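One chain follows as structure tokens, the form predicted alone.
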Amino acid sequence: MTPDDRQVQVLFEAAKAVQANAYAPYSHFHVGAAIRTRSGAVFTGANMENAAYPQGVCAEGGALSAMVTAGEREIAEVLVIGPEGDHLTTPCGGCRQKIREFAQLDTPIHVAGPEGVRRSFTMAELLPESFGPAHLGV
């Protein structure tokens, strides 16, 4: 196992662990996310639904909030794990934009199921022609 494989495995295990804590009483669609920052720190989040549907939080949003709360600002890698099934659970459009705020276009985004990583994308592949902080002159 290469160092890169080990880092992805750490993200997979972290996301899978928090996926079990997801609060999804309406959709029953449990998602976990793990973010590794440039410093090597790992932050996790699980989705949390609410009876007022738009008030929920995606797993990626939870992980991003933990990352920002800890003072981190540069994403090196992301892993999102969804439930069983053949589909890919990629970040939603809103989460793609939130991730882009802290990620470079070549940042890897891994999509996993219970058995492991199913596919990896770059930020640019998931959000082509994206709008980021550089467009605002920051």
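Numbering starts at 1 and follows the sequence shown. Since this is a predicted model, take the numbers as computed values, not measurements.
The form predicted together with a small molecule exists for this protein as well; it is not shown, and the discussion that follows is about that form.
S.K.: Exactly one of L105, A41, C92, A70 has a non-hydrogen atom within 4.5 Å of the small molecule in the model of the complex; which residue is it?
M.R.: Selected option: C92.
S.K.: Counting non-hydrogen atoms within 4.5 angstroms of the small molecule in the model of the complex, say which of Q97, Q55, S27, S65 makes the cut.
M.R.: When the small molecule is considered in the model of the complex, the option within 4.5 Å is S27.
S.K.: Is the small molecule in the model of the complex close enough to E77, E101 and M123 that every residue in that trio has a heavy atom within 4.5 angstroms of it?
M.R.: None of them does, since no heavy atom lies within 4.5 Å of the partner.
S.K.: Is there a heavy atom of A59 lying 4.5 Å or less from a heavy atom of the small molecule in the model of the complex?
M.R.: Yes, contact at 4.5 Å.
S.K.: Taking heavy atoms and a 4.5 Å cut-off, does V31 contact the small molecule in the model of the complex?
M.R.: Yes, contact at 4.5 Å.
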